[in-house]
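The data below hold one chain only, encoded as structure tokens and taken in the form predicted alone.
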């Protein structure tokens, strides 16, 4: 067992929130077509409120802190917040589009000792990247920020969200990241907006194209192993938890609302009205999330993919039932292995229907 796995297991057994994701703002200087956020400011937490929250989280045992948005650097107090987080010994990762990072900002981030900075790049081609962000010149400015941050010795991860508009560019983006000395992370998942609006799902790539991604060694490593049939379901899988959301991790919005995860918009409390630790320990909603094991999932417990599926309870929740299957994850499991999932069978999809849909559209968008 690695040190990280040991820490997670220990945190889970003790009920410690090992990691937290805090969005400092939903405001953004880009308007990415796939974004799941409403960018209007509905009353963000003040500097003092965020500083107090950070102190409460540190006391509760949070170690890994992700600061994001929107675009977090739009807040004038962003560096003050990062500095306070570092003074509390948080391991800080910053998610930004990089557009506002110049030499001065990069120097300040280096001085603050950030562990990692994640920056989204959607394509190596300006006409594609800028069309997605709806900000002319954004690719040029983002790449300049990455190169400068790398030159300052900071660790940068290039995040590449895959959708219909850029699905042919993933290998080129990976090469671009490698050429700049940055890490690369591919994500083929488009999620509904936090409001529940599902119109953005039209941007999900067709399953036939997802299949090409899952069989590309340059993107997934050992494609044969990655696409292997699922292992037999055993007792450990039945007793397992779906993911870390609500167990050792949580998400807090700019307005103080606490959720199990940024992709799991189940309201569990508000840190403006209650102490962070009180919500973490006493929220009935978090207690419900924590009660769920593989064996408690009516459909997924009978699925061959139970132990290998990336099933997201948040996406399932946005489809109407946190204990139900996530259609997007059903699709990924099927496309990856060729084995039909219990969720697909439950929706009455025949083998013929699946074969027809895989040639034309995301299976998840068809239900």
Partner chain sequence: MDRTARMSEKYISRSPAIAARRLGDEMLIMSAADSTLFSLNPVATCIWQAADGRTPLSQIVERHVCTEFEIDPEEAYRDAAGFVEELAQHGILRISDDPEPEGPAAGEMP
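Just so it is clear, the structure is predicted and the values come from calculations on it, not from any experiment. Positions refer to the first chain, counted from 1.
One more form of this protein should be noted, the form predicted in complex with the partner chain, which is absent from this view; the next part is about it.
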Only one of 271-279, 121-129, 83-91, 205-213 has residues with a heavy atom within 4.5 Å of the partner chain in the predicted bound form, and that stretch is 83-91
Pick from 315, 35, 58, 340: which residue has any heavy atom within 4.5 angstroms of the partner chain in the predicted bound form?
58
So in the predicted bound form, is the partner chain close enough to residue 347 to count as touching (4.5 Å, heavy atoms)?
no
is_contact(residue 64, the partner chain) in the predicted bound form, heavy atom dist at most 4.5 Å
yes
Is residue 155 close enough to touch the partner chain in the predicted bound form, meaning at least one heavy atom pair within 4.5 Å?
yes
Touches the partner chain in the predicted bound form: residue 1 (any heavy atom, 4.5 Å):
no
The partner chain in the predicted bound form reached by all of 176, 182 and 185, non-hydrogen atom within 4.5 Å
no
Determine the residues of 2-34 with a heavy atom within 4.5 Å of the partner chain in the predicted bound form and present them in sequence order; the list may be empty.
3, 4, 7, 10, 11, 14, 16, 18
